[in-house]
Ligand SMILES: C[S@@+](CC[C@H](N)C(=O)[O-])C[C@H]1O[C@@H](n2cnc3c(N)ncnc32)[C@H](O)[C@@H]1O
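Listed next as structure tokens is one chain, alone, in the form predicted on its own.
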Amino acid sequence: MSEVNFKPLQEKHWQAGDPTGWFEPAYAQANGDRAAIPWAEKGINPHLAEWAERVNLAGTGRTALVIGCGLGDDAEYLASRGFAVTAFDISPTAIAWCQERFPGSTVQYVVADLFAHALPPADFVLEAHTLQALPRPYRASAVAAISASVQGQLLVICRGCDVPEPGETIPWPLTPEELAGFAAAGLLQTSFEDFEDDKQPPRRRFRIEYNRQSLAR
């Protein structure tokens, strides 16, 4: 199956004020074919794996939360590094897909809505590519919800830009101004990487590390 055209689904839900409601029908229409999901990495997010290897990320005795886990590869990777992982997605089909892909996994996969459910606190939180799939008016609320779950460390991986460009389409890159919401929520930015990936053409990416300030002092 080729990639599903999700634009009609997106527009329908966005116009109804439901920025995330299109994900469930999108996963359902894919009908178990990963190739039909354009944002599904072919394995672990390389920008997570590269960073984790470089900093020697250790999870033993620590909890982790994966925001918008999709098909579960990043959650499984964090579990392999010793974390007790909770991974959530708004799509029941995506969560069922994760459980089917990884039978016997130690990861706790749950259905949850970033805007409607209190997220479980975690020592390490991963937000990779979820915010960039949200229309800009909804991002401040999402940043606040994610920040509230961070007990220790947060890693954000996203497309990046200095200012929004006219006519841009999903995924919408995040700006430094939008990312400042994490600091406003009490997190301390400890590193900020601005780089181009290896796609053709290359895409600008941000990779930012935050820590809960009370623990970073």
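One-based numbering along the sequence shown. What you see is a predicted model; the values in this text were computed from it and never measured.
Keep in mind that the form predicted together with the named molecule is missing from the display, and what follows is about it.
> Counting any heavy atom within 4.5 Å as contact, can you tell me which stretch out of 96-104, 143-151, 126-134, 76-84 lines the named molecule in the predicted bound form?
Checking each option against the 4.5 Å cut-off leaves 126-134.
> Please determine whether F206 contacts the named molecule in the predicted bound form, using a 4.5 Å cut-off between heavy atoms.
No, F206 sits far enough from the named molecule in the predicted bound form that none of its heavy atoms falls within 4.5 Å.
> Does T20 make contact with the named molecule in the predicted bound form, using a 4.5 Å heavy atom cut-off?
Yes, T20 is a contact residue.
> Evaluate W39 for contact with the named molecule in the predicted bound form, applying a 4.5 angstroms cut-off between non-hydrogen atoms, and reply yes or no.
Contact check for W39: yes, within 4.5 Å of the named molecule in the predicted bound form.
> With the cut-off set at 4.5 Å between non-hydrogen atoms, does C69 touch the named molecule in the predicted bound form?
Residue-level check for C69: yes, a contact with the named molecule.
> Heavy atom within 4.5 Å of the named molecule in the predicted bound form: which residues of 85-100 qualify?
Read in sequence order, the residues that approach the named molecule (within 4.5 Å, in the predicted bound form) are F88, D89, I90, S91.
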